[in-house]
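Taking the form predicted alone, here's one chain by itself in structure tokens.
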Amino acid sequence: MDLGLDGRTAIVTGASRGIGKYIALELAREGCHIAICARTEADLEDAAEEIRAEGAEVLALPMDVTEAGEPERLVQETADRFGRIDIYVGNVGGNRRGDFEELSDEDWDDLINLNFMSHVRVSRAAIPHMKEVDGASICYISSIFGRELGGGGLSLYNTTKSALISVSKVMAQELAPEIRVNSVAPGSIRFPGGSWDQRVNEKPDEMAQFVEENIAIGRFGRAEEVADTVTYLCSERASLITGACLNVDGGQSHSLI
């Protein structure tokens, strides 16, 4: 299936490892030019080399997108390098566990800035460029815990991931028909070096029980499966899909929406 992405330009944040890197790799395989960013320069350059091996032109920018001016620099340097911006995949994010009553204003500010406002700022800077091309698309990486309760200690994560889904739906209405905006909600995804991979290596029996009790498909998800979904959503083959949030979770979630 031709996804119609050849020659397009995609920005993927948090792409030095894990889901972000796999998304960038898959978009590269479909013919996109790729701009990636992350805080750790060595890891970012390793990822860039992997992506270049797929035949893509790559702009790798070491940066912290929570810092003032950096989202705008990411967008401007991408536009200067490739002459266009067609796709923005907001993947950067993290977690900070803690009981609600013990979390400080600093904790909330840090996670809101990382998991939500960084995406708002990159999108705001990219939208004028994306309006100049046909078929532009934004996709945010949320979580099944943006759609339903994640449990104790996850008020920061739940709130920020829910916010991404919410803002994407409003943006989809405001930006149609020029730019489609969607989100993806991964479940428990295992990739080398990731948190689930570490847990499986440390406690294989416990993790086997977790899978049996929580994931209907009977295994952890793979980062490639999230990447395939995102790549499709950002392509012309998904031209009627906007304002959607797609679970990629093997039946793990319980939300009715």
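The structure presented is a predicted model; accordingly, all values stated were derived computationally and were not measured. Residue numbers run from 1 along the displayed sequence.
Form predicted in complex with a small molecule: not shown, discussed below.
Within 4.5 Å of the small molecule in the predicted bound form, a heavy atom is found for none of 9, 85 and 169. Shown alone, this chain has one stretch from 227-235, 64-72, 26-34, 203-211 that lies within 4.5 Å of the small molecule in the predicted bound form by heavy atoms: 64-72. Though the small molecule is absent from this view, in the predicted bound form it lies within 4.5 Å of a heavy atom of just one residue from 136, 92, 126, 139, which is 92. Put simply, residue 52 is far from the small molecule in the predicted bound form: not one heavy atom of it is within 4.5 Å. Put simply, residue 39 is close to the small molecule in the predicted bound form: some heavy atom of it is within 4.5 Å. In the predicted bound form, residue 114 approaches the small molecule with a heavy atom inside 4.5 Å. Among heavy atoms of residue 18, some come within 4.5 Å of the small molecule in the predicted bound form.
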